[in-house]
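Alright, two takes on the same chain below, each alone as structure tokens: structure 1 and structure 2.
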Structure 1
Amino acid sequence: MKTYRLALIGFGNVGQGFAQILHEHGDYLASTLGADIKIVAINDLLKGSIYNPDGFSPNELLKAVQNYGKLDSITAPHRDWSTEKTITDTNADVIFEISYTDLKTGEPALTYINLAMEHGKHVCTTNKGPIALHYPEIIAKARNKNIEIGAEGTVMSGTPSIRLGLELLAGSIINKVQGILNGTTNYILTQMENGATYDDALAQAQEKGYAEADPTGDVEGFDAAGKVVILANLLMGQSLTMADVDRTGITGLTPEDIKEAQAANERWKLIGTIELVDGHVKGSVKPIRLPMSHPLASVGGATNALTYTTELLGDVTVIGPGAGRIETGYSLLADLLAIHRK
């Protein structure tokens, strides 16, 4: 049995999803997989900061947030520590960096990840910012210090897209990766195909919680572009930046465009692509008309999907949720268990 002590930087939906998994399945993980997982610290900007070297009950953490919106009711020998102190001075050996995402600078998450590595602690993150913007330097430092960086949840939530490419398809010679990497835009396009206007489809996406009040990051392709950069840099060892991605969103698509595609037995999808062209990797995000025979054409609603084009296996497609509390929480568990196996 191996014990893992975790410090969670952020305790929003993702952190709470992980805590729920641990509450419901912690005994199974310990008895079947030999991983005894304890949350020893939480540091959240709004909910507070607590630390107990012996760990907290995941269920008590969830109840505190559900009932009071904060962690003040939790008994803890240490509280109100700064984020930096939580990372450096707790007995956590793995840091879950799940604070808010900034795709312009990657901060403050980048600082937290670097601080964790400097103190010899593994990092698992669902935060696209630092991974999209600074992965080459992060992974170089991690290798130098013999530290693991888990980032599965940065692309398709808990659906094992990154690890599939990095590990199981490592020898298959990947030449191209195409994906539906943003559930919000996929939902909007699905609704437009069912007859809704863009504005009505966006309003429905916002009502369901798929789209933010300001949907620019989704509908203009910035979110998908960040994931394209992550895939290129993790899977193909590149140093792509957001500026390198040829990006077009879906706001220009009209009902007439949708109908024309339907008449041709095709379907519009916002597709993120990385492809080897003359020895160079190119990245793009743009609306593409796919024939109905394409494996990504049948993926509707808020679901995500990724197709790897390989020399040895042809096309390999993985389809699954691209968001969700439990689903993204699971990505952290998947990364932690990968550390456990090593």
Structure 2
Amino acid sequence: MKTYRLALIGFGNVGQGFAQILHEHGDYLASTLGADIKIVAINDLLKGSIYNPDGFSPNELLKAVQNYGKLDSITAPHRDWSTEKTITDTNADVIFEISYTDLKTGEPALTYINLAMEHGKHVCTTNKGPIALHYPEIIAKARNKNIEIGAEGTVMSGTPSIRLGLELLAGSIINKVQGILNGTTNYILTQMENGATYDDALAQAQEKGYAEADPTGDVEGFDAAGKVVILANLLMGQSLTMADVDRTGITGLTPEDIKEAQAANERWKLIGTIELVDGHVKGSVKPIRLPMSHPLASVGGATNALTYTTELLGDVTVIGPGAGRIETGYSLLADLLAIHRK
């Protein structure tokens, strides 16, 4: 049995989803997979900061947040530590960087990730900001320090996408990647096809925890563009930036556009693409009208899909959840278990 002590930087939907998984399946993970996983510290700007070297009960953490919106009611030998002190001075050996996403600077997550690596701690993150903007520096430092960086949840939440490309398709020569990479917009488009208004559909996506804190990032295509950059840089060794992605969101689509497509037996989908054009890797995100017969046309709601076009296997497609509390919480478990296997 190997014990993992985790410090969670951020305790929003994703952190709570992970705590829920641990509450419901912690015994299975220990008895079947030999991974004894403890949350020893949480640092959240709004909910508070607590540390217990022996670990907290995930269920009590969840109940505290459900009942009071804060962690004040949790008994803890240490509290109110800063984020930096939580990363450097707790006995955590893995830092979950799950604070808010900033796709313009990657901060403060980038600083936290660097600090964790400097102190010899592995990092698992679902935060697209630092991975989309600074992956080459992060991975260089991680290799230098012999640290593992898990970022599976930055694309398609817990559905295997990055690790599938990085590990299982590594030798298959990936020439093109295309898919539905944003759950919120796919949910909105699906609901609008069923007669909902744009505003109602967006409000539902926010309620269900799919949307970013600022949903402009979803509907204007920035979130999908970040994922395009992540896939290009992690899987195809590129150094694309957000500015390199030709990006259009869904806000220009009217209910009439959607009806017109339906009448023609077609569907609008926000499609992210990475492909080789004249020897250069190009990334784009744009709404495309697909015939119903297209495999991506039938992917509805918050579900995402990704097709790797490879030389050795042809097309390999994975379809699964792209957002959500448990779904994204699961990606952290997948990253942690990858460390466990090593």
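Counting starts at 1 and follows the sequence of structure 1. Note that the structure is a prediction, hence the values are computed from the model and not measured. If you superpose the two forms and keep the largest set of C-alpha atoms that fall within 1.5 Å, you have the rigid core.
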property: Matching structure (the form predicted in complex with ligand HSE), either 1 or 2; result: 2
property: Core-superposed comparison between the two structures, residue 91 Cα displacement 2 Å or beyond; result: no
property: Yes/no, residue 215 Cα shift of 2 Å or more between the two structures with rigid core fixed; result: yes
property: Core-superposed comparison between the two structures, residue 105 Cα displacement 2 Å or beyond; result: no
property: Core-referenced Cα shift (Å), residue 189, between the two structures; result: 2.9
property: Rigid core fit between the two structures: Cα deviation of residue 255 in angstrom; result: 5.2
